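This document opens with one chain alone, in structure tokens, the form predicted alone.
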Amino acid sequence: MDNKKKTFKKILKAIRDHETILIHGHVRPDGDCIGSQIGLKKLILANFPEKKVKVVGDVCEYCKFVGVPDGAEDEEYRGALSIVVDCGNAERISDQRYKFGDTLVKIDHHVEDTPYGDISYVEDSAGSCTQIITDFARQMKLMMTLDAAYPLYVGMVTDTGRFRFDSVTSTTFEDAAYLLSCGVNIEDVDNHLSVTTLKTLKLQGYVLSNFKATDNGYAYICMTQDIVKEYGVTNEEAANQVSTLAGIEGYPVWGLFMEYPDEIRIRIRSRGPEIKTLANKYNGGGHEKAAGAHLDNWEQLPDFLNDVDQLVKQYKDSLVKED
């Protein structure tokens, strides 16, 4: 029996052994995070209807249509199983009460910088955490309902850039096909994810008209709270504008600086050089082509821009040498 199946069996046993299960994700959840939380909850309830299963943490406004957290009382953690999905760093877990549970399970697809959990399954080659949960269900021969498959599919679609990122493999499509066989309607998912508000559309126009670039080809936009208020959008809607800068010729790396009260979060994306090392330097992490970091204040911005510009330069120089 391989290590994956052994760990999956341990996770399934932990689920069977606990009457109450509390599922956490990371702060400021994305589609993969909330899709993993809601999908795993529905999967457990479909197979163990006697369990009490709750999703705990923040709301994902962008994917609110798949579900919202239930919340939990402190006493519910007593003797409970805590499961954390899609979060490589324990400090970023939404609602730190996960520590109060009897047993902690971690399911994730980020490179494991800071291990945690009594039982941990990390597959950093997977395109999404929802893909891992789908694989878990298939290998453990659990019943998959449409209620569970829908949020899992949404998470898979959003975290793979609609199956465009290089993290996508044949296994990704196999798992996606399995979820579709459970009744997921592609058109319905696309209608939810593709429709945008007029406010967001106007903000996209602002981003395209005002983004800046470094000498060697890093495109970026600084999203301050003044801009967020001016356009009447949420912080999540504003932060998602990082995708607006994707695909510009000559700019293989792009990013968005999102201002919050206590920090400036950076969303970094690449279609060329590996950016995770850079993210690590600035108190972040993630994947090779999609990562996050943060600055304490705007005064640190020039240092970051210099570092990312040098990264892009090295990448472009390497392409010239190959030619």
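Here the structure is a predicted model, which is why all the values come from computation and not from measurement. One-based numbering along the sequence shown.
What follows is about the form predicted together with adenosine monophosphate, which we do not show.
Chemist: Can all three of K42, K52 and P69 be found with a heavy atom no more than 4.5 Å from adenosine monophosphate in the predicted complex?
Modeler: No, the whole trio is out of contact, none within 4.5 Å by any heavy atom.
Chemist: Which single stretch, out of 86-94, 160-168, 117-125, 216-224, brings residue heavy atoms within 4.5 Å of adenosine monophosphate in the predicted complex?
Modeler: Going by heavy atoms within 4.5 Å, the stretch is 86-94.
Chemist: Quick check on this chain: which one of A290, L295, L278, A46 has a heavy atom within 4.5 Å of adenosine monophosphate in the predicted complex?
Modeler: That would be A290.
Chemist: Just to confirm, P273 within 4.5 Å of adenosine monophosphate in the predicted complex by heavy atoms?
Modeler: Output for P273 is no: heavy atoms all beyond 4.5 Å of adenosine monophosphate.
Chemist: For the heavy atom contacts within 4.5 Å of adenosine monophosphate in the predicted complex, list the residues of 264-285 involved, in sequence order.
Modeler: Contacts from 264-285: R265, R267, R269, N283, G284, G285.
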